[in-house]
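Encoded as structure tokens, the following chain is the form predicted on its own, with no partner shown.
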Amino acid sequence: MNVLPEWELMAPESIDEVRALRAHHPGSRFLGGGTDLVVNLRRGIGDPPAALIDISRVAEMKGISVDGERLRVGAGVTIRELADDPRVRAGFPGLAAAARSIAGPTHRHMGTVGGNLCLDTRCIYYNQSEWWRAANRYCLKYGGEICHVAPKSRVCYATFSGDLAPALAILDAAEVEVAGVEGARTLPLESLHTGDGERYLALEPDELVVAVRARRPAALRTGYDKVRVRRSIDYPLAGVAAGVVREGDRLTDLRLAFTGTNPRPLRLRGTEALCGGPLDDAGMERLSGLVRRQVMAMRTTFTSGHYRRHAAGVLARRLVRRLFDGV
């Protein structure tokens, strides 16, 4: 890895200060926990910024608020704080499980909610050293002209691997608060990620996520599970968040969202057709079919896309069954 260059480090304590600093330093980058940004800079991915704006002290980006079934989490909240919060664990167990599954304890101590939501997309042709990428004539995501995963495509297939986005996507009214030099706005969480691995966020260059909000339907049981090469640190090869509502012996609501398989978090479509009756073998087979048709895992990791698609289906069936049975 490269030696990090020198840069100016600024530490604002409010969103207004962040806006002012970003306006005066247009080539700066935002720094939260640094568990993704600093590693990429050391790999030589992206031009080194002249300045970093440390947003870890910004008051508006701190704190977790739980009001009944409603949740607001500041983007500067650490993954550890989210995972350990007793209100989140009780009311939003799927989100807490997703947070607990992220990397290792030291990463969770430093990494932030906003950083995981805005995690850079990953690919074996991108997350490499400078000399390795240069030897392969770079790729569409950084400096090249083709996607090595899909050479005939004009779109980058680098994979989104954040764990919190799918856990939030299965809740109601999930949205992010965004601030930039020009002001503040709110957008649905599903609109935050574009589906293009190269330009993966629908944010302007001077914008950052301030907080995320969501609401959990009272009867919704939620959970999260994933598969990865090393449970201690690795990003998910496939991850799934599920939400289930059971009334008697009937499945009345089913929600699933995936990560680690597509260039954006994937909210599975068509699950309403599986509701209204018992959760039987036929329903499980139809669920597998939905996963196979919509999960678009390609060779962006050292594990095959076929394996990740299969793993996503297995994880989904197991998690849905466990939530339905209440175990």
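Please read all numbers here as calculations on a predicted model, not as lab measurements. One rule holds for the numbers: they count along the sequence shown, beginning at 1.
Missing here is the form predicted in complex with a small molecule; even so, the following discussion is about that form.
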*Triplet S153, L266 and H310 all within 4.5 Å of the small molecule in the predicted complex via a heavy atom*: no
_Residue-level contact is defined here as any heavy atom of the residue lying within 4.5 Å of the small molecule in the predicted complex; does V39 satisfy this criterion?_
yes
*Examine N127 and determine whether its closest non-hydrogen atom to the small molecule in the predicted complex is within 4.5 angstroms.*
no
*So, in the predicted complex, is C118 in contact with the small molecule at a 4.5 angstroms heavy atom limit?*
yes
*S101 near the small molecule in the predicted complex, any heavy atom under 4.5 Å?*
yes
*Specify the contacting stretch among 130-138, 168-176, 202-210, 182-190, defined as having any heavy atom within 4.5 Å of the small molecule in the predicted complex.*
202-210
_Which residue, L256, A96, A158, I79, is the contact with the small molecule in the predicted complex, using a 4.5 Å heavy atom cutoff?_
I79
*So which of N262, T35, Q294, T271 gets a non-hydrogen atom within 4.5 Å of the small molecule in the predicted complex?*
T35
